[in-house]
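Encoded as structure tokens, the following chain is the form predicted on its own, with no partner shown.
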Amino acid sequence: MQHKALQGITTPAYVADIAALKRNMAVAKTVKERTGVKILLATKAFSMFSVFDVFKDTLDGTTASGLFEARMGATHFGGIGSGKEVHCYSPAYTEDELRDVLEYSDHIYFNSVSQLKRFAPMVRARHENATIALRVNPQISLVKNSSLYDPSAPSSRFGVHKEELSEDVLAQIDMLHFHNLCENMAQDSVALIKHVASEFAFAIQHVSKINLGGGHYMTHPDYDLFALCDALVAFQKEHNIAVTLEPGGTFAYEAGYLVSTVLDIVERAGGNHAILDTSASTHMPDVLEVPYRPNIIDSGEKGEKPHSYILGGKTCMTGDVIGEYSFDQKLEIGSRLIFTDMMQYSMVKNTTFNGMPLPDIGILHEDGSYELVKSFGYDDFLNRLS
């Protein structure tokens, strides 16, 4: 990776790495070629549409969590009639929202039997050959990093249970949807596939398609890609059914940065603080929500290198702390810090709490040059408030 171009840019800035995105697409291409499945980009994880051209040659479309993502996918990736698909799932639709969604999508996923019965006629009336899907909770907890992201957590609101899949319900749908993973390795992908195959065979025979969701962390270096491929091939052969996957974060994994500048050094008996022009709370909220410690290029754990710092954000929240890091050289006002793996779930979840300006959005091209795509100002903050 070439980072020289990032040293002189205006910060804070999210920067997509085109070479890394292409490496991730090569993984998706391998899965498609070995299995024949369709693969969608889950825009809830990564919605930087200015780089969608990197995805279009490989992926079959996008999947949305509501109207605005569906519209964006159709507009910037391709929707009905384009050869690309826009799938849309929501825990619940209003009638007006669904009517608008149908302008952009003919693959509609329902979360409950009541929503299915209420709105399936509207979908059929709008798109005669629409794909109607129903989300199923397989009730197998495989997510290990946080119960916040486990769709099979006790009392989860997501999906119908096995006993709700009556013949009457199955007669109304074309597709089953099992989204049950989050940053899971291949053994969990395989476990989910085998669980669905054994526990839901009675339902699979009633539909023509199945979506095995996202969370398959296929671009991670520890992911056994061929175990996933073998499981998908066996599943399709056993059930004679078309399979779709809808990863999001994995395609943005290690594919971009958040570049930040040190604004001040505050010395305290418990450790020196470096105050940055970015924030965990506003610009990388999963650092606090998951929580996790993001990587910084050329940094180490506390005490690993000669100079240790507590990195704090530029908000008034006491807990806006990114973590403790060490460096070979002392940090100074103006020092640049480059956080890695900052494409997934950062831009889509950021806020302007405290009036914090949103970071720039840029692209690191394969030749090492930097392109500024978008800057934000006062109006972007103000227009959200009144």
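Since the model is a prediction, treat every value here as computed from it, not as a measurement. All residue numbers refer to positions in the sequence shown, first residue = 1.
The same protein has a further form, the form predicted together with a small molecule, not shown here; the description that follows concerns it.
With a 4.5 Å cutoff on heavy atoms, residue 215 counts as touching the small molecule in the predicted complex.
The shortest heavy atom separation between residue 44 and the small molecule in the predicted complex is within 4.5 Å. Contact check for residue 312: every heavy atom lies farther than 4.5 Å from the small molecule in the predicted complex. Within 4.5 Å of any heavy atom of the small molecule in the predicted complex lies no heavy atom of residue 253. Contact with the small molecule in the predicted complex, defined as any heavy atom within 4.5 Å, is confined among 122-130, 241-249, 292-300, 72-80 to 241-249.
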